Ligand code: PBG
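Just the one chain here, the form predicted alone, laid out as structure tokens.
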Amino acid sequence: MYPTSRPRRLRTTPAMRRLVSETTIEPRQLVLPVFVKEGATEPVPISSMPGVVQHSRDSLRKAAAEAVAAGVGGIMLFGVPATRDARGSAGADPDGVLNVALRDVRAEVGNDAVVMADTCLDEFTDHGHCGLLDEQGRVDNDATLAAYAELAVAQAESGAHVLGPSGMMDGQVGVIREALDVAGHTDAAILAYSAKYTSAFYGPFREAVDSQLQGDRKTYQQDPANVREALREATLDLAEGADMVMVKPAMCYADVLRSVAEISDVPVAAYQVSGEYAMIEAAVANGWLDRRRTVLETLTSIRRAGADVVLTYWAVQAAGWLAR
């Protein structure tokens, strides 16, 4: 005898499955990360991320408009400067590539999408680290905080709705919040990269931003073995005034994402990073995986683990699939 209640009854038709689906994805929950290259006159393909490019200013505006038309909730901007120095000076320069791009995108989309800025120095330093270095070549946490404050204010003045401090410096949220408030940008929000792991999945991103990094970031990004540390970091960021918190990467850290979501009283984001994108695209290119099914399954898993917002390079494609 079968039991009276049979779960398979709720799987019989597409309509039935839609009716009882527990986890949904909507385009508004997706954020598109984009790269803009100083001096580029046309998009520059990124070999390790098929379909993703370093944008020119013109192509960036077009991509931003397409994202809004698709219903994507936000756009996260990363700059690729022509010149770098030890202090990452181009990051806070009002005429630097990222700040110019922020103004371009705000002019294009206004408030129709949330415009976010990567508030970090790694794209702009000639050593590739996320902070300023001391005489021994170590990242100087407190000196870096002062640079982040300047960077955040410049980005807010260029039109960023959201600042995304991704460098994992202790105290970065509090320092940035104070600087924004003093400068009159009280409405600018902070998306704190609270649990950013020193992951092998960032490789293609290094190509995307022409990273100058030598060595690693293990002294300031988190050990992949640790979960309690992520909760401590998130708790500190929340206490300092973070408006959203982030777990990065997403797919290999679903347990961390769930744990952070359980303690957070603000929206939780997760970043489906470049290596996650690259390995799926490689499998698709070899005919081993179906792109649409795989992408939507991974996004569903990230949402199911607790993410309110997902940064993904498939944001526009996924939005189109979800609309059908």
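Note that the structure is a prediction, hence the values are computed from the model and not measured. The first residue of the sequence shown is number 1, and the count goes up from there.
Here the subject shifts to the form predicted together with this ligand, a form of this protein not shown in this document.
Relative to this ligand in the model of the complex, residues S166, R206 and Q221 are all within 4.5 Å by at least one heavy atom. A single residue from the set L102, C120, A250, A113 has any heavy atom within 4.5 angstroms of this ligand in the model of the complex; that residue is C120. With the partner omitted from this view, the residue of R177, H127, H185, R217 that lies near this ligand in the model of the complex is R217 [heavy atom within 4.5 Å].
In plain terms, the part of the chain that comes close to this ligand in the model of the complex, with a heavy atom within 4.5 Å, is 266-274 out of 295-303, 266-274, 251-259, 52-60. Although the partner is absent here, Y313 lies within 4.5 Å of this ligand in the model of the complex, judged by heavy atoms. In this stretch, 18-50, not one residue has a heavy atom within 4.5 Å of this ligand in the model of the complex; the partner itself is omitted from this view.
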